[in-house]
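Just one chain is shown here, as structure tokens, and it is the form predicted on its own.
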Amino acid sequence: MYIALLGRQPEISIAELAAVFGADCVNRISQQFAKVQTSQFDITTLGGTIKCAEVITELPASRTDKASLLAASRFITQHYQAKWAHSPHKITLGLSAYNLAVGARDVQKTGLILKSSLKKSGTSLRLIPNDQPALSTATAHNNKLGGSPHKVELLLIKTTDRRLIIAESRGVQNITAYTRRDRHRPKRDAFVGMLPPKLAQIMLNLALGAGPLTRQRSHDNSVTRSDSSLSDKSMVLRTALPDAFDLEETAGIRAAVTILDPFCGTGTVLQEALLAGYDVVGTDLSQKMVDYTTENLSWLQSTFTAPGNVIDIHQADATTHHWPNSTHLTAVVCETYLGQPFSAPPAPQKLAEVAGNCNHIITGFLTNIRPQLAPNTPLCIAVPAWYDASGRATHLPLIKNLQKLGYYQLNRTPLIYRRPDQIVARELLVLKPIDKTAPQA
């Protein structure tokens, strides 16, 4: 059993976990956390999870948060004194409390008590100082907490029903790797939009889950080709999008997985697909973007361990193009045309003009690609939504007409990715073509 610390848009994080592990295996236990019923959890494959930890114990509800912390402190001191006594390794420990109305000093006291107790048995413990009840992602990442049995973060989480979960970290989001893949690429273009790598990773998981792997995934997406000290490991998880694809398996090897991005831009979706072990096809209306993608993917393959293959990158209009072998695609994942960027809410007339243009282009794309796809081919596309000063959103008209365009929408709640002050947001649509040849119930 694992718990996951959800990202800035928790609804998207929950949707990703449900796609990867199955909706029945994911249970939201607080605003920030979800419990995941699984025996394996690889945080490097998930863009929407900040920290993951294996549940050690659950304590019953206490009358006050301080009483809960006291009960947790007693358990931690006893459990880890027995576990780490006479250890030949120095222990690095971080403590994080979530949803508890306690101060940082109260949390740190538990670590100091354990440190003193372990010292008597000859074990050295370094307690990571913190002026907040919970360690930041950067602190946990920089101290490599969860990366080994001797570098540990203990998470104390009060659930909505006031139980207290104590969990031991098994990893934290690799912010260094995401930054390298985003800002160190040779080609970037702010005007066409810069899709965050973690969002691209989320979109791939929303479309596919993590099931149809053709080869091993990288153990850590920050590994470069010059670093041979870390080995790859395979992670096969079942998908939660029923009938999203039907793949035959032979001798434990799954059929090839090919991802199409028809609006590839600078290649962010394709790079994350390559790192996940998928083969990729990309097209874009702009030859400049095709050149940018080609250069970025070449850089990626020379810098990182990227087990996927680039099949084809070429210039094409997504509203009219016919993709060769399109019936063999496993999924379509893309950020569509988002229109012009805005630093302030546009006037109603301007917004109507921009939204109408985006709606026309994206409708044209969906109409064009629909007959080219094999039945049940999943799509995850990012489309624009516009927010005014009061936080009210304007959505694309096509969202209400998806069935007329020949698609089912698999996500039942809106999935919006945006900063609080952002005018143009990304709305994620997880789709599946309607099979018109199937018998109607």
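Quick caveat, the model's predicted, so the values are computed rather than measured. The first residue of the shown sequence is 1; numbering continues from there.
From this point on, the text means the form predicted together with a small molecule, which you will not see here.
Proximity of G209 to the small molecule in the model of the complex: non-hydrogen atoms within 4.5 Å are absent; the residue sits far from the partner. Residue contact with the small molecule in the model of the complex: V257 places no heavy atom within 4.5 Å of it. Though the partner is left out of this view, F304 does not reach within 4.5 Å of the small molecule in the model of the complex, counting heavy atoms only. The shortest heavy atom separation between T266 and the small molecule in the model of the complex is within 4.5 Å. Only one of V281, L100, L195, L366 comes within 4.5 Å of the small molecule in the model of the complex through a heavy atom, and that residue is L195. Only one of D106, D317, E295, E168 comes within 4.5 Å of the small molecule in the model of the complex through a heavy atom, and that residue is D317. Only one segment in the set 130-138, 76-84, 172-180, 283-291 has any non-hydrogen atom within 4.5 angstroms of the small molecule in the model of the complex, and it is 283-291.
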